[in-house]
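Listed next as structure tokens is one chain, alone, in the form predicted on its own.
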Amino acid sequence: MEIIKTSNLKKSYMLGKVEVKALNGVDTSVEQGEFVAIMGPSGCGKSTFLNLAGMLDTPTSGEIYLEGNDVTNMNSNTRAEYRLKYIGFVFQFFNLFNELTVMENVMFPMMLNKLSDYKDRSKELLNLVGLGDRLHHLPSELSGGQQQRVTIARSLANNPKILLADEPTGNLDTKSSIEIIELFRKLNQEREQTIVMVTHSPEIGGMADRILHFRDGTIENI
């Protein structure tokens, strides 16, 4: 089943008086349960595509389908509700609340979604990412790799259908990077979590099931 599908997806920005075409007609799909890496040179449209698929931005033209539903023209409130329930995000910068504990950071989206079992589920997720003994630590008391694990646990809080990761290892050393990607593989294989990940690293990208190669706003056939 296609969980993400795009049709002739285009995105342009105005830089002063100059139109910049970030995406120039992307037709692609991701199957449910796939682990897909997106690779290509800087400025080729990788992160733009991820932001559009995650409903953080809207296309200039074209269509986006999630689980067969056309989400292209949803209003802002509906988009926000859809993101909260169905999409998890992992970014290069961890974006954790520094004043909250690890457990409170993971609980936060579940409380927004009005889930009643948020305490038990946050513990379960932190155990899943190997941080069951760090529940009451602050982010500042953790290493970079550990903070990214908290981010991953939080991204899974509402049991998303799709996990989108933008350079999730970009801020980490080699050892921590490999550990994070191995965690992604575990989530994909054991929980059938659909993952779409932007990366510059051939080694990291090679651990995905499939690579989409972007160049100049389109997907190359390699």
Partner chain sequence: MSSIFFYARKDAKKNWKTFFFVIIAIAISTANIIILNGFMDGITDGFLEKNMDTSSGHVNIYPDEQDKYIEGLGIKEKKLEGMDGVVAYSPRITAGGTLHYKEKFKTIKILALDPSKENEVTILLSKVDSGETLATNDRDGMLMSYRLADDLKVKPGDEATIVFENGKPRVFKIRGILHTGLAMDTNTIIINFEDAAEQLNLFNKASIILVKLQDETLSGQYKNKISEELGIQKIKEWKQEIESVLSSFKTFREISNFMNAIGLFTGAVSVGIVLYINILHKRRQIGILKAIGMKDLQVLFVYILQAVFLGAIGILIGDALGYAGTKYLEAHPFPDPTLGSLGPRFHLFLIYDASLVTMLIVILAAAFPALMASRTNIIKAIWGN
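Positions refer to the first chain, counted from 1. Just so it is clear, the structure is predicted and the values come from calculations on it, not from any experiment.
We do not show the form predicted together with the partner chain, though everything after this point is about it.
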Point to revise | 4.5 Å heavy atom contact with the partner chain in the predicted bound form for all of 2, 12 and 65 | key: no
Practice item. Please run the contact check for residue 145 against the partner chain in the predicted bound form: heavy atoms, 4.5 angstroms, yes or no? Key: no
Exercise for review: Indicate whether the partner chain has at least one heavy atom within 4.5 Å of a heavy atom of residue 177 in the predicted bound form.
Suggested key: no
Exercise for review: Although the partner chain is absent from this view, report whether residue 121 comes within 4.5 Å of it in the predicted bound form, heavy atoms only.
Suggested key: no
Review point. Just to confirm, residue 100 within 4.5 Å of the partner chain in the predicted bound form by heavy atoms?
Key: yes
Review point. Picking from 53 to 61, 38 to 46, 186 to 194, 25 to 33, which part of the chain touches the partner chain in the predicted bound form when contact means heavy atoms within 4.5 Å?
Key: 53 to 61
Practice item. Could you list which residues of 9 to 46 come within 4.5 Å of the partner chain in the predicted bound form, counting heavy atoms only? Key: none
